[in-house]
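Coming up is one lone chain in structure tokens, specifically the form predicted alone.
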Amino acid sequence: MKVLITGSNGLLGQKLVDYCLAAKIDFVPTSKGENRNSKCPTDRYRSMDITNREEVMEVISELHPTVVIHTAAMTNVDQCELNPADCELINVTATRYLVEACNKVNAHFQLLSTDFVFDGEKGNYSEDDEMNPLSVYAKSKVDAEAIVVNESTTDNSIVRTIIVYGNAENLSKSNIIAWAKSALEKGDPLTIVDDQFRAPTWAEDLAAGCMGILEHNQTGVFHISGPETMSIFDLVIRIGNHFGMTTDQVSKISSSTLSQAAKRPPKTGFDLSKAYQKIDYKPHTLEETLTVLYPS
């Protein structure tokens, strides 16, 4: 197996690099610009702009991976709503370029997708549940999934996930766990939504799930997330309780009072039965991961 990773500078990308290094799997890390991960061997790294078709075709044809894991995406939901053309180019058009390149070299293509493909009316979604996107970002991922299903001529897989968190180097954005811990430590007054429910996902677990699909020779759609669905408010409270910090300054707020450009699904969370059965997926609870992320 030779794995090409898009978005190797990102959180999941860095964890996939770690996984491949530990398992001694041949891999090629790619991102736009220079390598920002000190643990990623510079001699393996290739700069690749996924929105440049010629560059994508050239790099993948030259390196001839057997697998491409596509983690790179525009994921700021409100920015996608405000800049739909950019979202379309990065999340949809670039996916088509990568699928086309994988078809030429007969590589397995794996797309990272999202719980936002669902409308959040039901929760605990299985892979077969009907998609109903509520935002530009969500629609872009539904469209990207359709490209994989309809245009890929090789083995392929789609990994849907939820709120990914963890520690990595030189990230372009923070994540909710790091933000909440920092704010609680400062004692800042916090107003947190209590009507959005998610299953936060540790980046190491997600990387193991992505690789598990490949190592178990699986194809198709997989739901890979944390094992527990909770409100964002409860998530913040649990972080505070774990570290023995006061949460008296944390108050509940309704999503309807926020001026967010994009609509969010109220309740997602995944039925992980398929991942448990097919790839022996073993996700960690929030508190288990906090102990690893922030050892005392």
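Since the model is a prediction, treat every value here as computed from it, not as a measurement. We number the residues from 1 along the sequence you see.
We do not show the form predicted in complex with a small molecule, though everything after this point is about it.
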Even though the small molecule is not shown here, does residue 17 get within 4.5 Å of it in the predicted complex, heavy atoms only?
no
Against the small molecule in the predicted complex, would residue 283 count as a contact residue? Criterion: heavy atoms within 4.5 Å.
no
Consider residue 49 of the chain shown here, and say whether it contacts the small molecule in the predicted complex, taking contact as heavy atoms within 4.5 Å.
yes
Looking at the partner-bound form in the predicted complex, is residue 172 within 4.5 Å of the small molecule by any heavy atom?
yes
Just to confirm, with a 4.5 Å cut-off on non-hydrogen atoms, which of 177, 102, 136, 73 contacts the small molecule in the predicted complex?
73
Considering the small molecule in the predicted complex, which of 90, 221, 183, 142 comes within 4.5 Å of it through any heavy atom?
90
Please identify, from 161 to 169, 213 to 221, 147 to 155, 184 to 192, the stretch that has a heavy atom within 4.5 Å of the small molecule in the predicted complex.
161 to 169
